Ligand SMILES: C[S@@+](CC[C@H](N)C(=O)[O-])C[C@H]1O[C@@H](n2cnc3c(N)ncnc32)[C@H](O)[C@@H]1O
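Single chain ahead, by itself, as structure tokens, in the form predicted on its own.
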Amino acid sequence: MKAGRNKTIDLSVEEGKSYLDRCISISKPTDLQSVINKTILGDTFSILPLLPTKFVDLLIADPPYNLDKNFNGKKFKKTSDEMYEEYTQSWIKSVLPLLKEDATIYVCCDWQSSPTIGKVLKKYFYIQNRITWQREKGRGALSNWKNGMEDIWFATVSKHYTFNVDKVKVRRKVIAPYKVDGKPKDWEETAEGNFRNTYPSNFWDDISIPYWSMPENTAHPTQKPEKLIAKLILASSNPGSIVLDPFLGSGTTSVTAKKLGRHYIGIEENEQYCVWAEKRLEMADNDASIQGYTDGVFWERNTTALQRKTQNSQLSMWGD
């Protein structure tokens, strides 16, 4: 029995059969209307060649890292850098025909696979940046430093791409406020403290990994936070854009895209994870909130609800 506050989504395939039935399978070339806003059950290397060309505005990929990992019975084995490079190049070549000329691609990785992925991306795309985000938690290590960081490569098909910087500013406390003629300069003074909406850097330390009391949490071993994916979607797409995730897992990309008014397509071969993804998509119909993101502002980690409420009432004065 789970504790009362434990909101982890862990229903079995048998318990979630109705959710699995919402997923689709394809075995021949298909049109966009047949797959849009769907979870496709199947192997991404088999599915990608069957999708229409040049329809993707934003691709978010979280492929297996080059680590020994058990994904609900399917084991991904650590291999050589050379073989992992071949694996990466294989799926990159499969997604290339699907991308629009102004599309953006983000690829998640850890410190070991990051150099390999960056090398492959450089062959096919314009590398714009590499984001490093603080995972906040991780197992301790007796003979090494605990791994608390991950990377996300930011690349584009061309030099013309979407980047909505005003949509991804971070609300931060002002430690040493600067005033002009006795009035705040580029910051806001409130009873709860002084705040500024700041331009985002490529180091993100405001992300919390999903944990047991969060409604978005599932039993997936490598689930990404909705707040993390929301930053990518808001920065690099617009309402109505199409977001593709070829390694959907428990559905974070599709769910976040839906909450933010984008279309989505996710590919996942594991039935268990498809069940969780569809369950979360259903939950998004009634709750489109994203923890840590409120009324157009990304908040620092552990910012209190009272601070957010106070600030939200004044956002119209300062913009997003």
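None of these values were measured; they are calculated from a predicted model. One-based numbering along the sequence shown.
We do not show the form predicted in complex with the ligand, though everything after this point is about it.
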*Which residue among Ser237, Ser113, Thr156, Gln223 has a heavy atom within 4.5 angstroms of the ligand in the model of the complex?*
Gln223
*Taking the partner as it appears in the model of the complex, which of 29-37, 257-265, 60-68, 287-295 has residues with heavy atoms within 4.5 Å of the ligand?*
60-68
*So in the model of the complex, does any heavy atom of Glu282 sit within 4.5 Å of the ligand?*
no
*Does the ligand get within 4.5 angstroms of any non-hydrogen atom of Gly42 in the model of the complex?*
yes
*Should Gln272 be classed as touching the ligand in the model of the complex when contacts are defined as heavy atoms within 4.5 Å?*
no
_Exercise: Leu248 in contact with the ligand in the model of the complex, heavy atom 4.5 Å_ = yes
